[in-house]
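Single chain ahead, by itself, as structure tokens, in the form predicted alone.
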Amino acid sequence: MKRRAFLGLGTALVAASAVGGWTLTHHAPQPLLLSARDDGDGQHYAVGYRLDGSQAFATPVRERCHDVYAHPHLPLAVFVGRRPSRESYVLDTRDGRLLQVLASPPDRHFYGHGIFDAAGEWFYSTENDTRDPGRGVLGVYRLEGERLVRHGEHSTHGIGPHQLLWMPDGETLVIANGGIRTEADSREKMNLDAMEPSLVLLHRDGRLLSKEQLPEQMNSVRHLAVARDGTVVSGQQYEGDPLEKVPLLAIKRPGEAFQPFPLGEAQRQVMNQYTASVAIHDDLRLLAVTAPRGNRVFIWDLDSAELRLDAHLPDCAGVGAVKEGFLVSSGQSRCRLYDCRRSEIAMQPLTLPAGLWDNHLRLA
């Protein structure tokens, strides 16, 4: 679906935080919403907005981005190019200054996702080996000054890797291998009759810890959320018969196998075989999922799987947890806040710009 380390400044920044500088203030600023957006002419932007609608920056970029990852300590974020982009963008999140156009190696391209480690020294990005199309690799980059420098790569032990996240130990990565082979500079799916989707746990040094698959070969594992207790939820997109009943959400609880999440049939049907973003609210123990093909936002109790919300939102896109509940963006409508602190979830439209948001958002 189409519409679908500052290291040279590190000492000074730490000192500033100790005396009430930009990293530590008496009155904490509003969260900064980071996402990719387009304008009406198709120009791509990496943007940052406060939740009151005020714009921090809107930086033009050459290629459309997919997800974005903020550095854990410094005012910088990586906007990752959407498959099959060969560019990602490192920005200063205070003013949107473009610090680096991160180019993939000649025989690699980005898959739209990446992540910093907890120390902020290393960045890992899912990539395609175009010499062996579809073979998934993790590009391993080190933050040196204001730039990411490639230091190597690891196999993802699968085809077409998409999102990756850290498990709570900070040493283990969980990777969604979508299982779909694509060629260089193409989004054409080349192996729908031989897909190999999987959920992989990988040590940060590249050691494979586990690899699990769902029974349906054409059920592409795409997006992830991880809870503090190690529960992993994945969202799928199904490439087979539009009428076939397949689990579009799956869960791996600590010590248990990767298995379908108990999804109601009415919700499964309206998803139209596609999920987009997944988020977990740890304090409220809630799971949120966007399904843009069905124009639906869903919220469940993570432990009981009780459905808490099934709401209409045209072309719903990114979802992220905030104190009150979840913030959801849209490709066609206004961003919304779903306040989940009471038994009845309340919706509030936000003054953020309406429409043209990409499928993911992050709050920094």
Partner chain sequence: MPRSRLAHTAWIPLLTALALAGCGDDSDPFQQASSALADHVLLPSYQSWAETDRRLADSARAYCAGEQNLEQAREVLLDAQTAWAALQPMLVGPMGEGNRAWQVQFWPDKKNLVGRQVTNLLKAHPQLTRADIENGSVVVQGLTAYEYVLYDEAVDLAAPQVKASYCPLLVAIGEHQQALAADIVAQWQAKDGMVAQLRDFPNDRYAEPSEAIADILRLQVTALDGLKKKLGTPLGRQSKGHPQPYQAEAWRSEASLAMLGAALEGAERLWNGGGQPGLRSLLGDDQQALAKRIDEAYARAREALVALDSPLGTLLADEAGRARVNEFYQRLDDVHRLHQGELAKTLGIQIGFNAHDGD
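This structure is a prediction, so every number in the text was calculated from the model and none was measured. Positions refer to the first chain, counted from 1.
One more form of this protein should be noted, the form predicted in complex with its partner chain, which is absent from this view; the next part is about it.
Legend entry - 4.5 Å heavy atom contact, Gln269 and its partner chain in the predicted complex: Looking in the predicted complex, residue contacts with its partner chain include Gln269, since a heavy atom lies within 4.5 Å.
Inset, instruction - Considering only heavy atoms, tell me if Gly255 and its partner chain come within 4.5 Å of each other in the predicted complex. - result: Gly255: no, not in contact with its partner chain in the predicted complex.
Inset, instruction - Answer yes if any heavy atom of Ser198 is within 4.5 Å of a heavy atom of its partner chain in the predicted complex; otherwise answer no. - result: No - in the predicted complex, heavy atoms of Ser198 and its partner chain never come within 4.5 Å of each other.
Legend entry - Interface membership of Asp52, its partner chain in the predicted complex, 4.5 Å heavy atom rule: Close contact exists here: in the predicted complex, Asp52 approaches its partner chain to within 4.5 Å, heavy atoms only.
Inset, instruction - Select from the listed residues Arg108, His281, His223, Arg181 the one whose heavy atoms reach within 4.5 Å of its partner chain in the predicted complex. - result: The residue in contact is His223.
Inset, instruction - Tell me, please, which stretch of 141 to 149, 128 to 136, 82 to 90, 97 to 105 lies within 4.5 angstroms of its partner chain in the predicted complex when heavy atoms are compared? - result: Comparing against its partner chain in the predicted complex, the contact stretch is 82 to 90.
Inset, instruction - Verify the flagged residues Phe116, His154 and Arg204 against its partner chain in the predicted complex: is each one within 4.5 Å by a non-hydrogen atom? - result: None of them does, since no heavy atom lies within 4.5 Å of the partner.
Inset, instruction - Heavy atoms within 4.5 Å of its partner chain in the predicted complex is the criterion; list the residues of 313 to 328 that meet it. - result: Stretch hits, in order: Pro314, Asp315, Ala317, Glu324.
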